[in-house]
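Next up: just one chain, as structure tokens, the form predicted on its own.
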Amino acid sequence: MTSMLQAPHWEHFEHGADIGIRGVGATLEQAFAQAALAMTAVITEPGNVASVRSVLIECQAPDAELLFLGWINELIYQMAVQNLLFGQYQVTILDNRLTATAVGESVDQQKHQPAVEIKGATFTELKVAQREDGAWLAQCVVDV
């Protein structure tokens, strides 16, 4: 049974002129997916993004923290070059190799009213760890 503390969720945290994104989940994969939703929420309301198009994301890194940065930066890159917003994420991680599907739609300025453009994920406040309650946490500050 998942406790309320382990229930998947995301949040933002303040950091100067930039914004921190944080995902929490019962698994590392859920924490990464929730952090991706937090990133989307910096730009627009994730619930307003329709599931029209999916993009396969693959990353590999020597540790979980660098894998998390690679994941968020790849999402930012895919959104920028394909003019997409993502509202759903399915993540699989095995041996520091991530395979994911990001689902969303093309940016519609009127519908999504994008608040800011994210330039990239940073090493600031970077942390991927299992908390004392057993939940996984993945966070960093994104440059806006």
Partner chain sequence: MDIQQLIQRDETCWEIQSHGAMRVPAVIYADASLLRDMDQKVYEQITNVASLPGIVEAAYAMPDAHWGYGFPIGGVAAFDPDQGGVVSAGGVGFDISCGVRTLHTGLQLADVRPYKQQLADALYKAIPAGVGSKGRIHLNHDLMHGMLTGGAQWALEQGWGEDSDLERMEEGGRMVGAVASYVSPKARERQKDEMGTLGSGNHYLEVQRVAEVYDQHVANVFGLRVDDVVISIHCGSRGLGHQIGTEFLRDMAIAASQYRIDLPDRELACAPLTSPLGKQYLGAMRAAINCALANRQIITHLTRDAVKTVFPGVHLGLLYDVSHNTCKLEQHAINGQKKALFVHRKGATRAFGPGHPDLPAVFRQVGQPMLIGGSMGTSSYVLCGTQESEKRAFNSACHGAGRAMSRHQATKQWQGSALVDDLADRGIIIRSPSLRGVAEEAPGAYKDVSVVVDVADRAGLARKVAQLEPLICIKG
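Residue numbers count along the first chain shown, from 1. Since we're looking at a predicted model, the values are computed, not measured.
The discussion below concerns the form predicted in complex with the partner chain, not included here.
Contact check for Ala7: no non-hydrogen atom falls within 4.5 Å of the partner chain in the predicted bound form. Heavy atoms of Thr124 reach within 4.5 Å of the partner chain in the predicted bound form, making it an interface residue.
Taking the partner from the other structure, the partner chain in the predicted bound form has a heavy atom within 4.5 Å of a heavy atom of Glu14.
Using a 4.5 angstroms limit between non-hydrogen atoms, Pro62 touches the partner chain in the predicted bound form. Put simply, of Ile43, Val103, Leu28, Leu98 only one has a heavy atom within 4.5 Å of the partner chain in the predicted bound form, and it is Ile43.
Only one listed stretch (48-56, 65-73, 29-37, 86-94) carries heavy atoms within 4.5 Å of the partner chain in the predicted bound form, and that stretch is 65-73. Residues are counted as partner-facing when one of their heavy atoms sits within 4.5 Å of the partner chain in the predicted bound form; in 101-119 these are Val107, Gln109, Gln113, Pro114, Ala115, Val116, Glu117, Ile118, Lys119, in sequence order.
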